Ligand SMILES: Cc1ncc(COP(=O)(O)O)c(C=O)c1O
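Just one chain follows, in the form predicted on its own, and it is written as structure tokens.
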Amino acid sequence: MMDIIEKLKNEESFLWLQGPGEKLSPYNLDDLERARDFMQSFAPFLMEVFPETLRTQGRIVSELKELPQMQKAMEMRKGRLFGKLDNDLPVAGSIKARGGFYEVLHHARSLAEKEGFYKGNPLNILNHREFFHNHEIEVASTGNLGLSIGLISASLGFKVSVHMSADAKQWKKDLLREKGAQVFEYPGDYSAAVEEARASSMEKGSYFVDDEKSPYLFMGYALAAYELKEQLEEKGIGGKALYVYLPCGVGGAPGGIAYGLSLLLPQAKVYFAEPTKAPAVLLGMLTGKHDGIRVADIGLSGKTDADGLAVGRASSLVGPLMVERIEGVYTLEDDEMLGYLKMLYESEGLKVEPSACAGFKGAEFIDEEGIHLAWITGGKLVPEENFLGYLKKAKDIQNS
């Protein structure tokens, strides 16, 4: 283990394969089916509130797209490269829409049932925005989860407070404020913002969306497995060997997806991708301490251009559930992510954010025949000037 710790300390890019361990199974297929039924019941609500979901019949789904030009640019000779375009998910434009919408809608339904106006019809909620405005939702976020929570909560009438580290992207803070959320900034890393948000929620008695521990977020993310299974079958590649690469921050979104895949597509081999400066889940799984150890404990800053992955401590919920469910975790440098961002734009015309590109490195580590799927996690809402800034930085790195 110490040689791997040294690689982490030295900020090396490498692939870690986890060994055998105890597989925990707190959720089963019945739980996943109930979650799917819940989201299907809210499809009419989502179509009413967000017209952009009309084309997906009220489903929060993204395209599975083959990326032949990106594969050529990467000089990838084995298998076929696909992207799961969560960067283009309806409304929130990131993977966080999956879990964020699920949790807030659950909370709204619970309140509506207690007040007696739900009556089995989600559309009844729309007539009671004043009621929801008396309730507050709080969340800690590096940006995308906050946007997801803020957008769906605002549509219902909730007050929203988003707690962020001071070094989170300014455009995300500005957009949240524009959407009506109250944004609080703190020195330190994402984990510090989580503690502040949790304390604020306890003091005010508000509803706290806990990115580190929420089973609702987790199950919302897990629903992506149904979607992927359906899409693979539609393309006639459902029986192919499948390698899935998921950018990983605190672990909630990739963990939920990996769990769902283990139930519906057990042949899938899943790998997490983390920045060399913030390998929180790898460190937690390697040591078995999970959320009991921070990257700062081994001298890492946790600061990265991949702001969605800039966390210092792993989720207490997710880490233990990934034992025997993922193949391993790899790390990559910020410069590599920016290089993939430039390559993806020039080859396929896709505009994403740096963290969304972390999955492409996996196809280089795993040189096998089959379907290689990079989960592209966000970028739709990135302002043009910021995206051009990423491109310029990538070109400067290339030319240096």
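Numbering starts at 1 and follows the sequence shown. All values derive from a computational prediction rather than experimental measurement.
What comes next is about the form predicted in complex with this ligand, which is not displayed.
Picking from 196 to 204, 306 to 314, 228 to 236, 99 to 107 the stretch near this ligand in the model of the complex, with a 4.5 Å limit on heavy atoms, gives 306 to 314. Think of it this way: in the model of the complex, this ligand has a heavy atom of just one of 278, 149, 322, 250 within 4.5 Å, and the residue is 250.
Taking the partner from elsewhere, residue 144 is found to have a heavy atom lying within 4.5 Å of this ligand in the model of the complex. Mapping the unseen interface onto this chain, residue 95 counts among the residues with a heavy atom inside 4.5 Å of this ligand in the model of the complex. Within this chain, residue 254 lines the site of this ligand in the model of the complex, having a heavy atom no more than 4.5 Å away. In the model of the complex, 377, 378 are the residues of 365 to 400 with at least one heavy atom within 4.5 Å of this ligand, listed from first to last.
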